[in-house]
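Listed next as structure tokens: two forms of one protein chain, kept apart as structure 1 and structure 2.
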Structure 1
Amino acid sequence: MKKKFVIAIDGPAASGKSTTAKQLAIKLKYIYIDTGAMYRASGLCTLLQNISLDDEVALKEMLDKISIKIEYAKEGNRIYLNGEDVSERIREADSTKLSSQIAVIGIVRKKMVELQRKMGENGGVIMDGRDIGTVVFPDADFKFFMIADVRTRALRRWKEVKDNGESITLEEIKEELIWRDKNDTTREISPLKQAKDAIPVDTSKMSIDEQVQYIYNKIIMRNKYE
């Protein structure tokens, strides 16, 4: 491809954006930047340093020194927090729970956006999240907004947790997604919303391969004329 683009993929939980972004990155030979993992890592950092989320002074000191790096690996990106590989640790329940809490703290989001922009300044990156096309990269070369009905998303998430041996009902997951949708779209800081120039992608009846190919085709077609 002629140009290395910045590609933003936003959408609600379980809409397929992360899986699609990862596979699209492989197809394009781009770097996939997992913004959710970055918030998980910052949450883990507060745990390791025993910092309360209410302690803004301590939080600021932590953020001033924090180092989060994402390195490509065939089996999946590795996440490094202050030089330590925390790829598995940030997926544990305590880090997952903290990530949604820390993500709404202004100074944390400011730092993560700063790091994300630094990672994407030379292009050739794909980021997914809630505010990539609206806040992190409002001038991204491509913006996609992925949606799916809540039942489809609940089924997807239920299958994931079931495969991991977790015990949770489909209805519980559906209720959690409804709560997360409301929380994400109504929060004061960087709420989830579709950028005006984003391309909507309804994944309700699309397989992952179809999602990847659809977005890939959009990028390739435009690249031909630039």
Structure 2
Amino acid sequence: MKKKFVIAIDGPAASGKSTTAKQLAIKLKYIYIDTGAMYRASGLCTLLQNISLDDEVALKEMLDKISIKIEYAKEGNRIYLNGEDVSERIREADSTKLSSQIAVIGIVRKKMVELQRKMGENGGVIMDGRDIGTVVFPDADFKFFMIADVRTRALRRWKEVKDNGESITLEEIKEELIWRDKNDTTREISPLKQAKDAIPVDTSKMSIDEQVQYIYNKIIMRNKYE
């Protein structure tokens, strides 16, 4: 590989972004940045500090002091909020709902985008989220937009949470995904949408290996001729 790219992967909840991005990062020896984890950590921070999402002054103060670190680990990156490992905690139902609620707030997005741009400034990164190809890195070298039908997405997420020992029904998961997608696509600031120059990848009928290989091939092919 010659150049160190910025690769943006956007798409709705549980569309396969993070699984794909993680494996792709290993293949390319790139850094993987899960921006959803950053919104999840910010949401959790309001919960831990008892801050209402309507209290702009308290939110601003929280954001001025917040520290979110993503550390590489072989079994999956670890997320630290103000020095504390919250990697598992941010995946719980309350943090998940809060992440989408806090993600509509302008000052929160401004702070997260600032941190994300810094993390990706030297290239060699794969960043996944909702607004990476549209807002965070509109000039990214590669943009992919992953989609999958809602039943497939709900099934995937259900298997994940079941493996972690959580008891939640498939129907509840499906409703949560639909609610979050609606919230994410209809918000005023940086809504979830496909960038004009993004390559769509429908993963409904793809295995994880196929998803990774599909995107990997696109990157390798272009790099060969540049």
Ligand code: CDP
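The first residue in the sequence of structure 1 is number 1, and each one after it adds one. Under this definition, the rigid core comprises the largest set of C-alpha atoms superposing within 1.5 Å between the forms. Model, not experiment: these values are computed from the prediction.
Colleague: Would you check which of the pair is the form predicted alone?
Modeller: Looking at both, the form predicted alone is number 1.
Colleague: Fill in the domain rotation here: degrees turned by the smaller rigid part against the larger between structures 1 and 2.
Modeller: Turning angle of the smaller piece versus the larger: 10 degrees.
Colleague: With the core fitted, just quote the Cα shift at S167 between structures 1 and 2, in angstrom to one decimal.
Modeller: With the cores aligned, its C-alpha sits 4.7 Å away.
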